[in-house]
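Next up: just one chain, as structure tokens, the form predicted alone.
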Amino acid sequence: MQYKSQAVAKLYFMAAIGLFAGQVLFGLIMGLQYVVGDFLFPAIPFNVARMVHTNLLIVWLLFGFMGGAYYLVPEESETELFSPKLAVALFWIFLIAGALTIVGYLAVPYATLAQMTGNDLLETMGREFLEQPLPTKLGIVVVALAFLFNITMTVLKGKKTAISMVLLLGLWGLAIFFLFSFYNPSNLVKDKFYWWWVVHLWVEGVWELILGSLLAFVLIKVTGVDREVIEKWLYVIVTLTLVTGIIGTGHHYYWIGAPEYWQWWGSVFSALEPIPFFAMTVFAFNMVNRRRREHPNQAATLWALGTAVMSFLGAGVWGFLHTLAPVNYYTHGTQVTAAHGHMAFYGAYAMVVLTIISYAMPIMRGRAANSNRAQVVEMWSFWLMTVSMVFITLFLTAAGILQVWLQRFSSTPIPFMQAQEQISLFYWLREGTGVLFLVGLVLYIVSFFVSGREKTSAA
């Protein structure tokens, strides 16, 4: 059964894809600046391109999570959304605030932006991923609280399921841990200590709960497997995530001045972090193998399976490669970190948002799935983006290993910029695969406009 208020998710999904395209474009600009240092300088310096690239990543994923919640919760709760009008109003507030912030990054120097937006009143700017001006941070809090009010009230007035409750836990955690972005102590060790309470506990903690609930919802719909079976798997994954993710925060504390015991705690528990991702992979394939029906949206099924595999590889395997303290001592801050970050964010979070969009958008347009022709185009986009990201990760890994050798491990280490020149071939290769990734994203967008024989009933 479909609910009228689920339609608000369409706005969030369209904005998410548009911002995703912007993020990829700025990623390509940055990639070229690695090898052509004055590309677009002084119009778009590297530090500005990096800010826009990473901030767009966060914002488009938040739009995707919010859209996924607005679609999932009414169906799980078996009731209309508490306030569709509030959802639409929050969409425009968030979109306009995000756009103005990006314009601010591009239009004026960052120090000037800090002065213009009241950073002297409460100093929160200047930290990676949390560069947003104070008014933007306050706006995010207001939007998040109003969004959570809307979603929570919907769940409270309707049916409670494991999927909706896990999603709520993840969304509330997202909002609560973001509050640490306002705490910016002058002591650098304390600053980095609590900075990870936002960054790590988002992406390696509460975001994984959102990932698990969205994936479980889609798998129920496309496989027809009993809800009880899927919910048991979800509980296992959530438990593993919280145990390993929270204590695993310690793998960021090795070299920032924190007590020495974090080397042990961080190494042990972060080494266990691939386990929930492996469980998620086994879960997804097990559910598809036990499916009771063939859902017409085969593209959404492919995205769901791809999410499980790529999140395990990116967040699990590539995270484990450099998470132990003796290894991290050499790799920290190199292109090995960038390799892990790219595949982990794409595999875990970008792909699950694309999964829920792939499943939900056709239904909101009045059909169970896109036409066969459209799904073929979408599957091409899946393979182009996913294979491109695998090669981006491999090229960055190779660059990182060579960088560690030349700059940190060799008996005759060379300076940073000389090392960058030595590994420039891998940057060129990364740029080429980045262009292919953009082609894949364009195909994903095009797939929703491809006509053909379609089913008109909603699933």
Partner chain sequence: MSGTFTKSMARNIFYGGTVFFFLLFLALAFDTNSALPARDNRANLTPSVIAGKKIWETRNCIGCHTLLGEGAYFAPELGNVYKRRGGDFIKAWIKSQPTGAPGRRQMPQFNLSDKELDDIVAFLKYTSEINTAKWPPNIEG
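The shown structure was predicted, so the numbers you read here are calculated from the model rather than taken from an experiment. Residue numbers count along the first chain shown, from 1.
There is another form of the same protein, the form predicted in complex with the partner chain; it is not shown, and what comes next is about it.
- Contact check for residue 401: every heavy atom lies farther than 4.5 Å from the partner chain in the predicted bound form.
- The closest non-hydrogen atom of residue 51 lies within 4.5 Å of the partner chain in the predicted bound form.
- Contact check for residue 427: a heavy atom falls within 4.5 Å of the partner chain in the predicted bound form.
- Taking non-hydrogen atoms only, residue 114 approaches the partner chain to within 4.5 angstroms in the predicted bound form.
- For the candidate set 91, 312, 345, 262, a heavy atom within 4.5 Å of the partner chain in the predicted bound form is found for exactly one residue, namely 262.
- Interface residue among 55, 33, 397, 433, judged by heavy atoms within 4.5 Å of the partner chain in the predicted bound form: 33.
- The chain is drawn here without the partner chain; in the predicted bound form, the stretch among 297 to 305, 367 to 375, 228 to 236, 384 to 392 whose residues come within 4.5 Å of it by any heavy atom is 228 to 236.
- Contacts between 412 to 430 and the partner chain, taken as any heavy atom within 4.5 Å in the predicted bound form, involve 413, 414, 415, 416, 417, 420, 421, 427.
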